[in-house]
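Here you'll find one protein chain in two forms, each presented separately as C-alpha cells under the names structure 1 and structure 2.
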Structure 1
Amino acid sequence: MLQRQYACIACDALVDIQSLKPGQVAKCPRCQHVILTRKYNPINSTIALCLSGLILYLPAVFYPLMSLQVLSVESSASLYSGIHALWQSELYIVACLVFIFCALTPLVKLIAALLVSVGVKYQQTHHNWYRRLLVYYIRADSWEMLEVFLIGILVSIFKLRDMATLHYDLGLLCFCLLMLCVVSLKVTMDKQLIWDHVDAR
C-alpha cells in the first residue's frame, strides 16, 4: 500500500500527499516546511554515482595521498598504509575504526546503493532480500566518515606545510572525488520513491 499521509517534522501535522512529478515539492500547509521532494531522474543518477565511486575506490584507498620530503628523505602515505601503520603501532582500536568507517563502510554503501537502484530500474523490488537490503542501506547511510578523514588530511597539510615539502598525489584527488560520490548519494537517492516501488509490489 502506497504511503499517502506524511507527518511534518516541524509541526507534527499529518498531511495527505498524492503522487508528485519530478521536481515537485510538497510543503506543510500549516508551517510551509518542505515534507517531500521528488527528485529528477534519481535512479540513473544514483547508479552513475555508485559506478563512479566504485571505479575511484581502489586508487583512493591504495594510491599515495601525498608525499612528504624533509631534507633528502621522502615518504608517501595512502589510506591503506595509514591503517597498516596504526596497526603496526599497536593502535588496534584506532586502526579498526579507521578501516571500518573510512574504507569498509563507503564500499558497502556504494554496493548497497547500486543494488537498490538497479533493483528499482529492473523491477526487482518484490523480493524479500530487496526490502532487507534497503533497510540495511538506510541504517548504514550515516556510518561512513570519509569527511572526517579528509579533515584530518587537511589539518596535517596545514601543520606540515612549513616543516617539509609536500607533494599531492593522485590518491588525494581520487579520495576527494570518492568522498563527493558517497556524499552525493544523500542528495540523489530518493528513498521515498524507492519505498513507493516496494509498496506497489
Structure 2
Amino acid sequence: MLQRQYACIACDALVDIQSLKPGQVAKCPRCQHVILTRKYNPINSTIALCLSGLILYLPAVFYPLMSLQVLSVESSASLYSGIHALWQSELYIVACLVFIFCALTPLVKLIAALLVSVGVKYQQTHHNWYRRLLVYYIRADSWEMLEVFLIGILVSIFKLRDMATLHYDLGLLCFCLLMLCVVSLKVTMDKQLIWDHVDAR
C-alpha cells in the first residue's frame, strides 16, 4: 500500500502524490519544500553502505587519527582519546556531547539502517521492533555530526602545523571513509518507501 497524500512539513499544505519514479522529487506547490524523494536502488545500496560503515567504525573511533612529535616525544589522538581527555579535564558535559554526536548516533544510524533494510529484503517489517528501529534512525539523524568533526580535524591540523611535526595515521583514512558512508545514508535511505513497506504488511 502506498501513501498517496502528504502534508508539507514546512507549510502544512495537503499534496497528493502519485507514484514517483526513482530520482524524482515531489515539492510542495506553495513553499517549494521537498516532500518526497524516491531514491535509486535504496535497499541494496543502504545495506552496502552500512556494512562498510560498520567495518570501518571501530578503527575510525579507536585508531589514532594523527600524531604529534615535539623533541622526540610523540603523542597521538583518536576520537576516543579526545572524549577521554575531555572527561579527564572535568568537562563532563562536553565529553558526553562529543560522544553522543560523533560516536553514538553514527553507530545507531548504521545499525538501524542495516537492520531496517535487511528487514525489507526478508519481509520482517511487521514486527514491533522494526518500527522502533526506524524511529531510532529518524531521531538519530538530526544529531549526527561526523562531518563537522572532520572539519574540526582539518582546523586542528592547521592550528598545530606550525607548532610541531604532524603525522597522519590510518585512523584518519578510516574516519573519512566512515563519514562518507554515514553521510551517504542520507542519499540512499528512503524512509517513506520503508514506511510504505511497513504498511503493506
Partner chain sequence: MLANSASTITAKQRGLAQCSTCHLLIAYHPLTHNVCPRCQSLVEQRTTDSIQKCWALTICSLIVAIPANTMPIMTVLYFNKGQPDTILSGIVTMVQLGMYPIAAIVFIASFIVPLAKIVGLFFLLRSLQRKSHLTTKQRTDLYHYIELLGKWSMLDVFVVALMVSLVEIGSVIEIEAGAGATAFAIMVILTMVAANSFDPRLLWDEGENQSEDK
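Numbering runs along the sequence of structure 1, starting at 1. Quick caveat: nothing in here was measured; it's all calculated off a predicted structure. Here the rigid core means the biggest group of C-alpha atoms that line up within 1.5 Å when the two forms are laid on top of each other.
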property	result
Identity of the form predicted alone among structures 1 and 2	1
Large Cα move at residue 177 between structure 1 and structure 2, threshold 2 Å, rigid core	no
Rigid core superposition, residue 34 Cα moves 2 angstroms or more between structure 1 and structure 2	yes
Swing of the smaller rigid portion against the larger one between structure 1 and structure 2, to the nearest whole degree	24
